[in-house]
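One chain comes next, on its own, written out as structure tokens in the form predicted on its own.
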């Protein structure tokens, strides 16, 4: 059985637990093993790097070293975690002197890191390892009639586009099509949501997210699908503020791509946290025998 060292990261343990639940449920349904990294720590995000890079890299590398001991590649659903872990991997490979310093820090915890552990995103694994044909064969409910804006965010295919095109990614579009949904034209699919600017420069962040929602609504999307916990929060939790700021009446559900795949695979809504979203994705009720509450 295909198996990965699972790195949920801080967001998926708390504010974005529906993403965690849906990733685990979908992978289980598709026969992919996820073995959570024991005693994993925060990836460091951008904060540690802004204080002292070697500390940030060392903190992030601890997770790589733990996965190496497991003998498994990492599955990291959070876009920020995915990016930071990959960045750390590259830095260790490219900077021998820094690698020695990082391993010196890891040695204090009886760890070392000397081989490349691959960092994989669930979207990459689902589309490229499992494959669209197998997904089609496992579908119990096709999402016919559902129009989806596929929002990749600014991180998972940049800067190198390892598993998808850096300028025009299509992997989520392909997955949505495979489960019967219709990806709408979404020219903002790679635009930044502002990330943590919502806590420091709220007016700017509201403007960025207004543009993302407006593009989805203007292209007749019923729902926005994302692959990033921070993007999901910004787009969903701040719709009331966006409406007040720009005089709109938006109420569009923002779900994780894994939740839509889970609907097609027949996974119960509560098992994927669909009942915990702020904007009720009631449009998905038509694909279940039960209401989404």
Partner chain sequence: MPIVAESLPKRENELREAFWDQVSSFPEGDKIKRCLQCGSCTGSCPVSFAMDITPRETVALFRAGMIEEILQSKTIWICASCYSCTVRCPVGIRVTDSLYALKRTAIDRKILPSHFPVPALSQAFISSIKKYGRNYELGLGFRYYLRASIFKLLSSIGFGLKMIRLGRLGLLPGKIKRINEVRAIIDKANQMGEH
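Source: prediction; values computed, not measured. Numbering follows the first chain given and starts at 1.
Absent from the display: the form predicted together with the partner chain. The rest refers to it.
K.L.:
If you check in the predicted complex, is residue 243 within 4.5 Å of the partner chain, heavy atoms only?
P.N.:
Looking in the predicted complex, residue contacts with the partner chain do not include residue 243, since no heavy atom lies within 4.5 Å.
K.L.:
Does residue 275 reach the partner chain in the predicted complex if we count a contact as any heavy atom within 4.5 Å?
P.N.:
The answer is yes: residue 275 has a heavy atom within 4.5 Å of the partner chain.
K.L.:
Could you confirm whether residue 22 comes within 4.5 Å of the partner chain in the predicted complex, counting heavy atoms only?
P.N.:
No, residue 22 sits far enough from the partner chain in the predicted complex that none of its heavy atoms falls within 4.5 Å.
K.L.:
Closest heavy atom of residue 41 to the partner chain in the predicted complex, within 4.5 Å or not?
P.N.:
Taking the distances in the predicted complex, the answer for residue 41 is yes, it comes within 4.5 Å of the partner chain.
K.L.:
Which of these residues, 26, 255, 66, 264, gets a heavy atom within 4.5 Å of the partner chain in the predicted complex?
P.N.:
Selected residue: 66.
K.L.:
Check for me whether the partner chain, as it appears in the predicted complex, comes within 4.5 angstroms of all of 72, 135 and 140 - heavy atoms only.
P.N.:
Verified in the predicted complex; spot residues all out of contact, no.
K.L.:
Go through 174 to 182, 161 to 169, 216 to 224, 114 to 122 and give me the stretch that gets within 4.5 Å of the partner chain in the predicted complex, heavy atoms only.
P.N.:
Heavy-atom contact with the partner occurs in 161 to 169.
K.L.:
So which bits of 10 to 36 sit within 4.5 Å of the partner chain in the predicted complex, heavy atoms only?
P.N.:
Contacting residues: 10, 11, 13, 14, 15, 17, 18.
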